[in-house]
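So this first bit is one chain, no partners, the form predicted on its own, shown in structure tokens.
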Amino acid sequence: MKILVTGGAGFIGANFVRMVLDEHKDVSLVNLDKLTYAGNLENLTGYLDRPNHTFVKGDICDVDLVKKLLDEHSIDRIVNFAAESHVDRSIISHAEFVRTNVEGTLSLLQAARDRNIERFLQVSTDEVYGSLGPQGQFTENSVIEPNSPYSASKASADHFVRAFGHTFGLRYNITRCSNNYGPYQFPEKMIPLMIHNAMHDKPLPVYGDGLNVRDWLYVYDHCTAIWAVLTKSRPGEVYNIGGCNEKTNLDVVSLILDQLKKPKSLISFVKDRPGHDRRYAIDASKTMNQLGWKPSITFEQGIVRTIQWYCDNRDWLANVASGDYKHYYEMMYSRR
């Protein structure tokens, strides 16, 4: 099997690359990443020189480059992780989300169609479904109702994937996951942000009342689910991937402080972001029943592992939390 992985130096993509190279020795990977602020070759330390791993710095919007890679490496599958992924950034500036998430996906689809790729896997998000009330879960048949520029761009990409399947016969799958956490996550996202600030005794900014609910999925479990979809599923199917771990943001922040033995007084409630979805919850029964996958790591296990990883990798955290990140953090939270 020869796979083109896009965005393979980012958080989820790098964890997927590491998992595949460790557990599936007969697979060859070509890793295409633009190396924007969240793409980091340090996420692939020890894996860049593997004989079955080729890293290419490039843009998924460059359809000629994508076709060249498909031809040169005889690629038979594409897994698209490449995306602008932070809701807060999409509220401030929208254009890059359209370019990467929509136009970039369209570029990959065109190349996949023209080269008759065996399978195209679009890694999407539960945020395309919108927001839930206090009851119920998102299923694969839930209505698509994105509420942020980020989720709108991902929903648009999903629609293009489906359209290429219907119109051109592209063999595709779409996965929609709940909130990921784990090693190598850029600290603009909630869990690494809170860990980073708590480690340095800085205020932990919690939006609104802190009672927004998310279903948390350890990144390794997400990667094994993607592998199951890539290797076991029927084309044309959508699969939800969830961790069965619903927590309020305030519960998560409190647990991080407890694990790091830091006081709750570090919690700082700040003005909520516009259009903040109240609750997400994933029904992953289709993925479990059809593909035999299930989460292997509870939230209580995963959050301890995650906190320990950041404590053990302070140099990595210091490197990514410098420069542009400081400007972004000041812009997002100093006036809230």
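Start at 1 with the first residue shown and count on from there. Not measured: the values here are computed from a predicted model.
The protein also exists as the form predicted in complex with nicotinamide-adenine-dinucleotide; that form is not presented, and the subsequent description refers to it.
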query	finding
Candidate stretches 178-186, 137-145, 258-266, 155-163 - the one whose heavy atoms come within 4.5 Å of nicotinamide-adenine-dinucleotide in the model of the complex	178-186
Within 4.5 Å of nicotinamide-adenine-dinucleotide in the model of the complex, all of 38, 60 and 85 (non-hydrogen atom)	yes
90, 107, 100, 173 - the one with a heavy atom within 4.5 Å of nicotinamide-adenine-dinucleotide in the model of the complex	100
One residue of 218, 120, 129, 150 in contact with nicotinamide-adenine-dinucleotide, assessed in the model of the complex (non-hydrogen atom, 4.5 angstroms)	150
nicotinamide-adenine-dinucleotide contact at residue 9 in the model of the complex, heavy atom, 4.5 Å	yes
Contact test in the model of the complex: residue 245 vs nicotinamide-adenine-dinucleotide, heavy atoms, 4.5 Å	no
Contact label in the model of the complex: residue 34 to nicotinamide-adenine-dinucleotide, heavy atom within 4.5 Å	yes
In the model of the complex, residues of 104-127 near nicotinamide-adenine-dinucleotide [heavy atom within 4.5 Å]	123, 124, 125
